[in-house]
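Only one chain is included here, represented as structure tokens and corresponding to the form predicted on its own.
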């Protein structure tokens, strides 16, 4: 699992490549916490290249959402693949983590 991030004008985009599971979840939390600590409280996690997520990955996303909101911002997800979408729907977390088609669209109306 690889993570990278880019800070744009109004948000930071964290790109996730690979499987978001119990091995990768702590790294996602670390990267998002680094982004938020750097002053970007509006974060988009781009999951376009993430084809699998388990409960640990879901927990990491919720933890990252909490960190962003505590900093006065928000966390949104983009490019959600079918298996990840299924996990979100089965847990009803799709109501909390609204999926957007692209990272640009996630904060496009704000």
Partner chain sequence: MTRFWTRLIVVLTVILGVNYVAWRWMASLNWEAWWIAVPLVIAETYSLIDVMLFGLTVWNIKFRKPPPPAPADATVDVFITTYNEPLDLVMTTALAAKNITWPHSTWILDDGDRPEMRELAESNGIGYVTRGAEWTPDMPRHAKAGNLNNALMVTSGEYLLILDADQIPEPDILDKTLGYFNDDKVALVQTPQYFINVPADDPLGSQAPLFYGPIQQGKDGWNAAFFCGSNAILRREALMQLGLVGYVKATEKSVRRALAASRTAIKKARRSPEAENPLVEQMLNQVEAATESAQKELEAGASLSEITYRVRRQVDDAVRTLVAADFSALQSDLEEIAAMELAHVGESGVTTVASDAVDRMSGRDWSPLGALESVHAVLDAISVERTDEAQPIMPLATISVTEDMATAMRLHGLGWKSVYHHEILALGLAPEDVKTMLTQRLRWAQGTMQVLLRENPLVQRRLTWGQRLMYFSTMWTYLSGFAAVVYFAAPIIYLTLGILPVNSISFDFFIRFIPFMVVNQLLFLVAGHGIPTWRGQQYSLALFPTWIKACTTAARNVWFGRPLGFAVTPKARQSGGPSWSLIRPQIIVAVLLAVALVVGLIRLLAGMSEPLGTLVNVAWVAFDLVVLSVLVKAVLYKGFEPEVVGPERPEERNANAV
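Positions refer to the first chain, counted from 1. Just so it is clear, the structure is predicted and the values come from calculations on it, not from any experiment.
Keep in mind that the form predicted in complex with its partner chain is missing from the display, and what follows is about it.
Contact annotation: residue 59 falls within 4.5 Å of its partner chain in the model of the complex, judged by heavy atom distances. Taking non-hydrogen atoms only, residue 102 never approaches its partner chain to within 4.5 angstroms in the model of the complex. Its partner chain in the model of the complex comes within 4.5 Å of no heavy atom belonging to residue 17.
Although the partner is absent here, residue 29 is a contact residue: one of its heavy atoms lies within 4.5 angstroms of its partner chain in the model of the complex. Contacts of stretch 41-75 with its partner chain in the model of the complex, defined by any heavy atom lying within 4.5 Å, are made by 42, 54, 55, 56, 58, 59, 62, 65, 66, 69, 70, 73, 74, listed in sequence order.
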